[in-house]
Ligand code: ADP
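First, one chain by itself in structure tokens, the form predicted on its own.
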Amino acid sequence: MSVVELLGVSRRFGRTAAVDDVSLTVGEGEMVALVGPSGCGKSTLLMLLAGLLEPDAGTISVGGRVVAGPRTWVPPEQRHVGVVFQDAALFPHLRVADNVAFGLPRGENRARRLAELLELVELPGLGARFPHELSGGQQQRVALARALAPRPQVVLFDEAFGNLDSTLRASVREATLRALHGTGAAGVFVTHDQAEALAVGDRVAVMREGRFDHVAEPAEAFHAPATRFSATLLGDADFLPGRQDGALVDTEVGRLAATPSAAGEVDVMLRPHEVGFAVSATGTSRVLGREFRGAHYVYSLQLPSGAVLRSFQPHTVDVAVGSSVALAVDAGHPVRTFPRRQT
């Protein structure tokens, strides 16, 4: 069942199409991660869903009810939509309990609901504190509890963890997903971080210049991106020339299974974790450079043609620059090919 449905939604600012004829559905309990570079339209799309902007065209439905469209406009407070912003936006003069309960109707069940929410976001016993007495991660979880308080059908996250350091970001993100899944609400999560999008989303929607470049489950979006743009946005990718015949492609590093089936000159997408090598006196490639990243090295490997591929290797693999190596590709799935780009 679709909780959110966008059909042909557009929004312009002057001559700029911030959102351009976008359609999307979000199912019950599903999290869709919107990812893209700055200015691609993802935050504008979130504001359209929240009711903070009106679309120029198309319709937006929440819970089967049209909330925006021709001759239809439902204000934000009547949409059953919760929003969690990057800066938490808590009321500094109110205690945690009062922040969370701000949108709750007064009544005998109010205290019970408040206790449920604090338990849900893993902050029991902190209701009497003020926001400045909490860590950044705790403040974000209070903001989530406040968004969940009126039992919304969908929760929107606008770069919600962007102000947190990487370690805290991961733990707060996991706690947030547990809490959201505990309510059954749908979610739309805006981020510019590709790793976060892949970790958070049941589906990932890559945005580019106001449109969706690719919408798919994370594994498909990463391993079989629809376009070169999606390929490079969702992770490190190198492209190697090849000649494809059906489901096989011949490249400088050997014959590989490929998708989609095609014929002719293509470029093969290879991600660094798919490229391996071994030191060999007879190897035809050489180590051009390496970069230490703590848990692993990123090696740059130059092939006889002059093409360069990157390879992720454990920190225990210590190979000197200039070493001769033999390459091997083990993607574990058919490699993605694209029509040869003309230069």
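All values derive from a computational prediction rather than experimental measurement. Note that residue numbering begins at 1 and tracks the sequence as displayed.
Below: the form predicted in complex with this ligand, not depicted.
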Quiz item: Can you pick the one in Val335, Ala18, Leu24, Val329 that has a heavy atom within 4.5 Å of this ligand in the predicted bound form?
Solution: Ala18
Quiz item: Can you pick the one in Val287, Met31, Val275, Cys40 that has a heavy atom within 4.5 Å of this ligand in the predicted bound form?
Solution: Cys40
Quiz item: Can you say which of 306-314, 292-300, 43-51, 62-70 gets within 4.5 Å of this ligand in the predicted bound form, counting heavy atoms only?
Solution: 43-51
